[in-house]
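Below sits a lone chain in structure tokens, taken as the form predicted on its own.
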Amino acid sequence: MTGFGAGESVVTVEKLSVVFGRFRALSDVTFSLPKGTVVGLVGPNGAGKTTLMRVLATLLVPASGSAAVGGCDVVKMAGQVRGEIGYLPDFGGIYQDMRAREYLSFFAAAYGLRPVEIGEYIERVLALVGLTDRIDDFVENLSLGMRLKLAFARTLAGDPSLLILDEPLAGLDHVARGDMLDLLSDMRSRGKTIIISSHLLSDLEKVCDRILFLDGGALVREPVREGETVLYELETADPPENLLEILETVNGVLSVETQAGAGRLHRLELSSGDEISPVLRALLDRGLDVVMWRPVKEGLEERFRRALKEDES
């Protein structure tokens, strides 16, 4: 499994289901990921994120469906798949009584690297994560951010095509998270495909090319919106008492949500991008003193909440 071409699928998942007793952890999950893509897994606790990652890491056998890395089935060709992935679980397995050099040597040997290759690998990855000067430090003497960088460095043994990272940003301060995001961007530029789960949605927005929303073991589809941005913020001066009623009766307005400021700021969802100018014109014609009218870019949390609401309806 070498030499993925641009746009070629590195990961292919088809109707994947995982069952623990009577509990269905994953249900008919289907997606594919091309080379050089950073994909975020988003969902509440118990949504199935870790279960999906463990299947791709060959640690769980699905009840039905299939998953493949580089065209190799994760069950039937588990050995080949393990040679192409770097897996960082949510509990990274940091051995406190090892020096950084020994820690990386241990994992490199497990990947089958020869002694001469191990030395080159350690030098390369420590430079990549900025820990060259800590090569002989005991792990227990490293900060949390440094330990995570070291754990991340171990996933690069064997030069994997796919990195699977379960909550790699948890517990890190702002600076350490920024360093990790920079590393992920660097890996993408080197052609790595990355699957990352995190509850820090604002960080995922900075690095991910695509987001997969999971809830109850299933992928949640985002509702498709036609036209341009259809969320707009409206701020009015001296709003009338019946402002909400006025907004809700304007043609092209699907919903209105009061944001803040004693009824001065509202978020309007429009039926399409074609309604932007007509709605603003209607608001002015009704005598509203509009002081702000701007498009709203939804964050991941808002998108996920809207997707869940759509899925329930």
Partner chain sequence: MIGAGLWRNPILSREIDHRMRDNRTYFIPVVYISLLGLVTLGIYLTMGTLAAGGPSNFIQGWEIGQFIFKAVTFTQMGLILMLVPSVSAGAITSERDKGTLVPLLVTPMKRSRITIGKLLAPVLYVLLLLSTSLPFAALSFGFGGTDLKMLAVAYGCMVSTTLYVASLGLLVSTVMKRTVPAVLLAYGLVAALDIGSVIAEVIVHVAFKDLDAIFFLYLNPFAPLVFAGEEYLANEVSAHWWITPVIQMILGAFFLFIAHLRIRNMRS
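A quick note: this is a predicted structure, and the numbers were derived from the prediction, not measured. Numbering follows the first chain given and starts at 1.
Omitted from view is the form predicted together with its partner chain, to which the following refers.
The partner is absent here, but in the predicted bound form a heavy atom of Val75, alone among Val75, Ala170, Leu128, Leu231, sits within 4.5 Å of its partner chain. Interface residue among Leu60, Leu247, Val38, Ala47, judged by heavy atoms within 4.5 Å of its partner chain in the predicted bound form: Leu60.
Contact between Leu144 and its partner chain in the predicted bound form is not found at the 4.5 Å heavy atom cutoff. Taking non-hydrogen atoms only, Asp97 approaches its partner chain to within 4.5 angstroms in the predicted bound form. Its partner chain in the predicted bound form is approached by Ala109, whose closest heavy atom lies within 4.5 angstroms of it.
In the predicted bound form, at least one heavy atom of Arg54 sits within 4.5 Å of its partner chain. For its partner chain in the predicted bound form, the listed stretch (98 to 106, 212 to 220, 233 to 241, 188 to 196) containing residues with heavy atoms inside 4.5 Å is 98 to 106.
For the stretch 68 to 90, the set of residues having any non-hydrogen atom within 4.5 angstroms of its partner chain in the predicted bound form comprises Val74, Val75, Ala78, Gly79, Arg82, Gly83, Tyr87, Pro89, in sequence order.
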